[in-house]
Structures are given as C-alpha cells and as structure tokens.
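The chain below stands alone, shown as structure tokens; this is the form predicted on its own.
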C-alpha cells in the first residue's frame, strides 16, 4: 500500500515507537502516581520523562503538560476551561470541527459568542482580520498552526504578539504542525498548545496533550480521581493533576515520547525538508495533469504543512479516493471534518482529495501514484 493519509494518522510508526509500546505493556502497566511500590514509581518517572520531552520541544514547564486522549479532547478542555459567561471568542475561517463545534456549542448554550476571521495568503491581512474582530469582551483567540485540508500555515507568531498586546488568551491547534514545523511557545506567545500524539509526533492513537503557560488557569470539564488530595471534593488546583482525572494511557504516552526521540534523531528540519520535497514532487506532477484542480499555491517552507488538496475531473472526491484505493493507494476524501475550510475555498459541494506524505514516503511512491492517477 502507498500510504498518503498521514494527516489522519502517521503510518508506518518508527521501530522505536513500536518497541516502546510493547515495552510499556510489559514493564510499565502500573497506575502512575497511585502506588508507593517501585513499579508504580518507575512508571510515574517514565511518564514524567515524556512531559519533559514535550515541554522541551515546545518550551513549557513539564508539570504544565497534561496528557489527553487526542487533540480534540485537548481543545475542548482548553476552550471550555478558558471561557466564562458573556465572553467573546475569535477563531479562523479554516478551523477543524474540534474548534468550530466547541465554540458553536458555547454559543448555543448562551455561554459565549464567537466570530470568524478570514485566512489570507498575506500574513498582515490575516492578522488584521483577527484584530478587527476584537471586542471589549474578547477573551480568547483560537487558531490552527496549519490547515488539515489545504496545508496553509497561519502566522501564529504575529497572531500571538497581537493577542498579547490586547491581553487575550491565545490557543493554538498544532495538529498538523507539531513535530514538523518548529513551534516555540515563548516566541509565539502561545498560552495553550494542543496537539495529538499520533500524527506528526509518530505516537500511538489515543494520545494527545495540552500544554499551558504558568499563569494560565483552566476550569475543568472532566473531574475525578487523581491519586492526589483524595479527601478534597474538588479537583486539585495544581497541574498536571487538575487536568488528568482518571488512569493514564501509559503505553500511548511512552510511544509519544519515543516518537519525539525519533524526531530528534532525524532532525525536525530534515523531516520537514524531506516531506516538503515529496509534496513539491506531487504538486508538480498534479499540476501537469489537465484533469486535476489544485486549490493552493505550491507549498513553501514555514508557509505550509506538507499537505495537498485536489480534485480529479468532475468526479466526487469520494469517487477519486475509491478508485485510488482500488489501486492500493490510501488517501482521504470528503470534508475532512473541516467544513469551514471547504466553505472558504469553495469546495464544500464535493470536498477534496487530500495527500499527506511523511518522512517514510519516497519519490517512487509519488511516481506510482501520479501514473495510476493518469490512467483513471
């Protein structure tokens, strides 16, 4: 199989990620922080080491890294935990449903209102589009680092500077960027960073995290056992316990740590350069096919994630993906849980076919894909 659906989840997993999962199930299947016996303590130490790896990668204190089941859960916790009744939120015109449905729910329940700022290929215009929507009660800006459909990147550093100037909390959805595009939370003034562990960070499914700055306080949306302050009827005030009710996914978390180790061993810039090279090859090949419609300029470094969306002939995106699947090529079609993005790029009627290569994708894979597409 030629796998070009890494925007959904990375495949294959690096060998050290696979071995870390097995090792965790064999040697670290103990409740972290709940027992005084050595196996539990050692498990807690290993989990903490992954907090350190995440913290070092994105510049957060390790105790401020809370593990979740996925990026959607992290975004729900970050957004719902940040707002109070009467607040106003600004999101982008390309946001995933993991953001749009959350703020829509807050509006429907009368908790908060929101507005949508248009993306622009001009960074200054994008920032202006956000800033002009600021109201006296704007408390939150939520923006993706890069689109999961079209790959275009947002100027999160400039948006972070603008949010800080206005005293507004800034949440970044790094689902398609964390592990590929370097993200420095201090440089970008990011208050909360949310990401999955199973995409560009190469960990297992069922993993994710939110990382918060020291002065950020979040209300909880999940309460329960933490192994700490058990006599207290309220969730602890300190991190990460406050945001980690219930038993952790040890093997998943340790696989995330192994994924970060893999990235460091390869070099994040080397991974990004390889994936952009492959994306460039695919883009050039598609642009020479008269039956193909492309929706964005050629991906550029730090202006794009390695993602391409296209359509073929007058086919629905699902039909194109199905024909490619028959030829043993895995792609994603449809709306990609991002109708806002498809509305913006005017592809809502039939969606798009999305290509997402990885560090394991080679030029030969691209040639096979392009040749099979020509023959459809």
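None of these values were measured; they are calculated from a predicted model. Residue numbers count along the first chain shown, from 1.
Same protein, other form: the form predicted in complex with a further copy of the same chain, not shown, and the subject of what follows.
Interface residue among 192, 102, 94, 254, judged by heavy atoms within 4.5 Å of a further copy of the same chain in the predicted bound form: 102.
Proximity to a further copy of the same chain in the predicted bound form, defined as a heavy atom within 4.5 Å, holds among 265, 232, 137, 287 only for 232. Here the marked residues 214, 294 and 296 all miss a further copy of the same chain in the predicted bound form; none has a heavy atom within 4.5 angstroms. Residue heavy atoms within 4.5 Å of a further copy of the same chain in the predicted bound form occur in exactly one stretch of 139 to 147, 124 to 132, 105 to 113, 158 to 166, and that stretch is 105 to 113. Interface residue remark: residue 347 is not counted as part of the site for a further copy of the same chain in the predicted bound form, having no heavy atom within 4.5 Å. Among heavy atoms of residue 204, some come within 4.5 Å of a further copy of the same chain in the predicted bound form. The closest non-hydrogen atom of residue 183 lies beyond 4.5 Å of a further copy of the same chain in the predicted bound form. Proximity of residue 228 to a further copy of the same chain in the predicted bound form falls within the 4.5 Å heavy atom cutoff. Heavy atoms closer than or equal to 4.5 Å to a further copy of the same chain in the predicted bound form belong, across 220 to 258, to the residues 220, 221, 222, 223, 224, 225, 226, 227, 228, 229, 230, 231, 232, 233, 234, 235, 236, 245, 246, 247, 248, 249, 250, ordered by sequence position.
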